[in-house]
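Below sits a lone chain in structure tokens, taken as the form predicted on its own.
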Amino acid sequence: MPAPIRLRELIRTIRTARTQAEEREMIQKECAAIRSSFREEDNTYRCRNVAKLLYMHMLGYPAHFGQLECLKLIASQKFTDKRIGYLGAMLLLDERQDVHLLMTNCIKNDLNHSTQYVQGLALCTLGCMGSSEMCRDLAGEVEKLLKTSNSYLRKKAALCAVHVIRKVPELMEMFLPATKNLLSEKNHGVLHTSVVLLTEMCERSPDMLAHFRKLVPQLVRILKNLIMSGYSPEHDVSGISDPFLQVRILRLLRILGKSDDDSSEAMNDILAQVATNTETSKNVGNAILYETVLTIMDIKSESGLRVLAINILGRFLLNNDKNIRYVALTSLLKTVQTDHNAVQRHRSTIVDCLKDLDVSIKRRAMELSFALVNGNNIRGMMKELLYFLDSCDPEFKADCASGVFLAAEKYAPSKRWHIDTIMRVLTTAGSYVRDDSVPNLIQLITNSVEMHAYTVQRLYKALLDDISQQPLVQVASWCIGEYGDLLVSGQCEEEEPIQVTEDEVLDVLEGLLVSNLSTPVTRGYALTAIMKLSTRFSSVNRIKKVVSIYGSSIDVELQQRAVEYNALFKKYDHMRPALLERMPIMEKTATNGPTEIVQTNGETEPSVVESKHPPPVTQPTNQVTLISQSFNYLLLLTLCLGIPPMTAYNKNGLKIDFTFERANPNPNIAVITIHASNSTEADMTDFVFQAAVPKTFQLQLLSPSSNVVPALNQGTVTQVIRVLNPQKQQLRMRIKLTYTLKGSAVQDLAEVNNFPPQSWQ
């Protein structure tokens, strides 16, 4: 059989291929020749064939059929064969394949070989792909080589020991005696790998960390020698002495000094020297300074040293290299909570980074800018961030708007400023704001009683300018519905009032109903606003016409609202002023269920018929007040459908009322909402309501609004029950009540058989 071509010739031939198909053909032809040679057990050219196979593997072609040939080469006595064999093992084998276990004995023999280079090959291979089983079997040989006087073997043994510790952490103590004199080694390679080994041991074991803390003075001396006199000129990079070793030592010092006062004190001076003496004109120096900053921030360093570290990061922000600027912003973001004042000094530089062309830098600068906002700089920072919001890419607008909302809520100097800021965000980035921004702004406006006239006037002007920003339009519609009388009367004291007639206001709201820009949610807001104006404006007949028109709308939600409002005009006109009265001040949290916000397709609106927790029904007079307080139209729908509420239980101060609703679109499902109230002087805690129905029914019990029923009827607990009644049988229910009153557990059973016919027919 002719001699196979050499590796160099194969490379030259493959490079002449003009197409991918031509290259594949060459590779397949050569692979076939290599397989034939392997089958014939050709020992002469095995090394050459495996070398070619490794090259093909590097090009991405399959070479797994050469794994056993690598083992044969490793078992050879020739160094050239072993070198290719071990290289092939590192590339073609890993611990997922059982074949690698066949190498264990060969590696063990080579670790005890008389030639250091063969020992080095075995150490490299074990440190690269040794499995946990191999590491357990060969750890003893590695530990012996770590104690040898041969520096070539010691540095390779140290790196191999790192791999052994990662695979089998419990073998760590085996290497502890060998680490005693490693740091006193003069050889650069041994010293470098020793620091890597010590770092690995400290990261994986708290006991090792405590043991090696005594080495801090020695590490400090090594680092000082590197800075002052230079360790070995051949390892200098750009005039900086051995930067790789400096970085490794700094990382080890960071681990040793974390949460330890004595170790941190011992390294404060050397860290200051590194921070002040390192050249910053080259990236090598910047890398060392960055590691120094991380070390200073992680240990218990002095306040002056931390300020120095933050100033270094501030200088990084002025660097032309984008990577350095990004690293600086990320590091400042991590330290801003602990060293807020020091980072504040670089506020102007950080804000300038908002104008950077790089999107990653821009995002980090935005996050850091929001972290720097406080009560003293809120006006200036918001001005910059709002300018950024105007000009930034769409991908930033949502996060920026959320950040502005949170900062304004936390640090707003006045309610007018707060309202103006949020309105500015809604005007410029309304389509990108969070779902809860509309109800949050509504709540803010409601609670700012003295700003009602100013706010409704500003929002009305905003509607005249632009109706494309749906959240802004929704808030404006809501405010006009609530405070339209203030808008028309011109009572604004904050700025010059505008002259607006009732017809002009209604024209704007009717325009929203027919606009193609309005979403269904926005139209719901507009129709509700028009309805509320029926108690504030004199144009009641016009409002009736608008409402009646939408009673036949193709939008089911809008149609349902219009039908309910028409019923309110016709059947319950005497209740209309009370039902549509102005909203009271809202609370963010409440024990008896807050005003619920329903989210629909990413938009939000005050709940209409979707609400699961309508207010309790007790007496007709109180009923009207509660409806107007929660702005909940579900009870209005209940009135229109004519299903009267009922009292299911009234005993020992605990009263359970039921209100009813037909599930849409399935009329066989009755939705019952329980309202538990407590007339005693103490809260009823651990309240649990359970219910059971006959087998012909199906019952689903949803989660309650709370497990505490407040005393003296100061609130209620609501819970929704869904009952499927396909056979339209009379509804019967057994209920079980459990609660704790004044430290005593109370449990009671009751049957409810007097359900109104409308609830089950």
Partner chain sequence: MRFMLLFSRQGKLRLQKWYTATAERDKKKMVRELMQIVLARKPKMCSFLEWRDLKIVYKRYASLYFCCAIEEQDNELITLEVIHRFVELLDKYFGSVCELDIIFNFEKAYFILDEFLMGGEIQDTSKKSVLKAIEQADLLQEEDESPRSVLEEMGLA
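Here the structure is a predicted model, which means the values were calculated and not measured. Positions refer to the first chain, counted from 1.
Same protein, other form: the form predicted together with the partner chain, not shown, and the subject of what follows.
Student: Among the candidate stretches 110-118, 451-459, 476-484, 409-417, which one is within 4.5 Å of the partner chain in the model of the complex when only heavy atoms are counted?
Tutor: Every other range fails; the passing one is 110-118.
Student: Find the only residue in Y55, Y45, F38, F697 having a heavy atom within 4.5 Å of the partner chain in the model of the complex.
Tutor: Here the answer is residue option Y55.
Student: Consider the chain as shown here, without its partner, and state which of C400, I324, V274, L512 has a heavy atom within 4.5 Å of the partner chain in the model of the complex.
Tutor: Of C400, I324, V274, L512, the residue with a heavy atom within 4.5 Å of the partner chain in the model of the complex is I324.
Student: Checking a candidate spot here: are L527, Q560 and M684 all in contact with the partner chain in the model of the complex (at least one heavy atom each within 4.5 Å)?
Tutor: Result no, not one residue of the spot touches the partner chain.
Student: Taking heavy atoms and a 4.5 Å cut-off, does E502 contact the partner chain in the model of the complex?
Tutor: E502: no, not in contact with the partner chain in the model of the complex.
Student: So in the model of the complex, does R213 come within 4.5 Å of the partner chain, heavy atom to heavy atom?
Tutor: No, R213 is distant from the partner.
Student: With a cut-off of 4.5 Å between heavy atoms, is K258 one of the residues that contacts the partner chain in the model of the complex?
Tutor: So K258 does not count as contacting the partner chain.
Student: Should R18 be counted as a contact of the partner chain in the model of the complex, where contact means heavy atoms within 4.5 Å?
Tutor: Although the partner chain is absent here, R18 would stay clear of it in the model of the complex, with no heavy atoms inside 4.5 Å.
Student: Going through 23-43 from first to last, which residues have a non-hydrogen atom within 4.5 Å of the partner chain in the model of the complex?
Tutor: The stretch does not touch the partner at all.
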